[in-house]
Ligand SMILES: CC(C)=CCC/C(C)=C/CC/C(C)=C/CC/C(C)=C/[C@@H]1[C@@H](COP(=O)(O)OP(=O)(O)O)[C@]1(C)CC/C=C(\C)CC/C=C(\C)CCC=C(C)C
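Quick setup: one chain, the form predicted on its own, written in structure tokens, and binding and motion questions come after.
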């Protein structure tokens, strides 16, 4: 479990050094997101360290609602966490993990708004456990994951050559594509975790989609796997793939040293959808994961795409 957010620093507590803080962030990223961590190891040191700091902040934010102490989280808890965020952006770390974030902010011009938006996504989890339409779910996906795309794109950087062409008036930035990748990843998470979420009383699949396939909430809670469910899951997977395809279009615009890691991360995460299908869409009793060998096999084609696309 991660350290819980704090809003004050004890006068007697000496915060971790910058290197110590980044090492803590690295360890947490490696432990809790092996696929994502593999992608970061292909980046330059400065970029991967900043990404680790962002990942840990995002994970701590998520744990406020989904972690071991989530039952104690209230709107006031999130208000306090947002105040701590403001302190970080003001250069005042409140705990050991903040130290890395403050340092990352000195090297990369991150905007606070995507961080605020992510906290709003956690508020949505406090307020509701169902989503009527995909548009409702899409807003949630943006807030809890599309925001990560915005944060990460700033660190990744854009290929400066796009701004040096004689006809160039501005340097393009793949903002929409970055958000699309975050949404695609979150939709993948939702499909992988249907059973786990149902056991916690949450249904993220849009209720209008359940109705479209004549599949009820009770069916989902009971883990019914039949042709209705398989058709519903195929429909959801195709939707996620659409966002992955949209995200692909923006990778070419990224800084050359970021393309391979992003292609790798995209391809690795998308593989989870393949495993779900291979498991006959049983996400109630089997957790879809990509074996290490298959992950490694993604790296050469990802490198090829990074160089030629």
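Positions refer to the first chain, counted from 1. From a predicted model like this one, the values you see are computed outputs, not experimental measurements.
One more form of this protein exists, namely the form predicted together with the ligand; it is left out here, but the text below deals with it.
Proximity of residue 257 to the ligand in the model of the complex: non-hydrogen atoms within 4.5 Å are absent; the residue sits far from the partner.
By the criterion of a heavy atom within 4.5 Å, residue 281 is excluded from the residues contacting the ligand in the model of the complex.
Using a 4.5 angstroms threshold between heavy atoms, residue 202 stays clear of the ligand in the model of the complex. Although the partner is absent here, residue 82 sits far enough away that none of its heavy atoms falls within 4.5 Å of the ligand in the model of the complex. By the 4.5 Å heavy atom rule, the three marked residues 148, 153 and 181 all count as contacting the ligand in the model of the complex. Picking from 173 to 181, 207 to 215, 127 to 135, 223 to 231 the stretch near the ligand in the model of the complex, with a 4.5 Å limit on heavy atoms, gives 173 to 181. Residues are counted as partner-facing when one of their heavy atoms sits within 4.5 Å of the ligand in the model of the complex; in 186 to 217 these are 186, 189, 192, 193, in sequence order.
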